[in-house]
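Next up: just one chain, as structure tokens, the form predicted alone.
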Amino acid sequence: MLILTCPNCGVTGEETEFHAGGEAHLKRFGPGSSDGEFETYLFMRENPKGVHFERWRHVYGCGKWFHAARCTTTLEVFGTYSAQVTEPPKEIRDTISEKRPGWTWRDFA
């Protein structure tokens, strides 16, 4: 079971207190985008074995969205951070790099 900490209100709880919202850091396309770009945004998602960045909502708490970095194979959570940022904080990227030698943020950017 995942144990997450909401960065907005500071509450730590099991994943049942939160709701997963899919992949984080997606490039959104607005009016004037091509059909291919919009289709990619709607349907094409990463499903990695290993490090993954996801959106979560603290459903039974403050109700706010945040991002979490975790490993999909071990369920290890590397950290959570605000949903208002465009990339994970350096501290979380460094933590992942320490635990997963050879991993770089450039693989996801």
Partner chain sequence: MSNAISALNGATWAEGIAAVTEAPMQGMITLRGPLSDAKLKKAATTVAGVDMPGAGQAHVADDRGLCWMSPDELLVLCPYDDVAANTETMQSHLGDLHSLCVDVSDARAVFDLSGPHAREVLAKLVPVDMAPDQFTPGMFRRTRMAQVPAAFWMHDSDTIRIVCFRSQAQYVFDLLTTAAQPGSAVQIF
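Given the structure is predicted, the values throughout are model-derived calculations rather than measurements. Numbering follows the first chain given and starts at 1.
This next part talks about the form predicted in complex with its partner chain, which is not shown.
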item	value
is_contact(A20, its partner chain) in the predicted bound form, heavy atom dist at most 4.5 Å	no
is_contact(C62, its partner chain) in the predicted bound form, heavy atom dist at most 4.5 Å	yes
Partner proximity in the predicted bound form: S97 to its partner chain, non-hydrogen atom cutoff 4.5 Å	no
Touches its partner chain in the predicted bound form: N8 (any heavy atom, 4.5 Å)	yes
Contacts with its partner chain in the predicted bound form - residues in 12-39 whose heavy atoms fall within 4.5 Å	T12, G13, E14, T16, E17
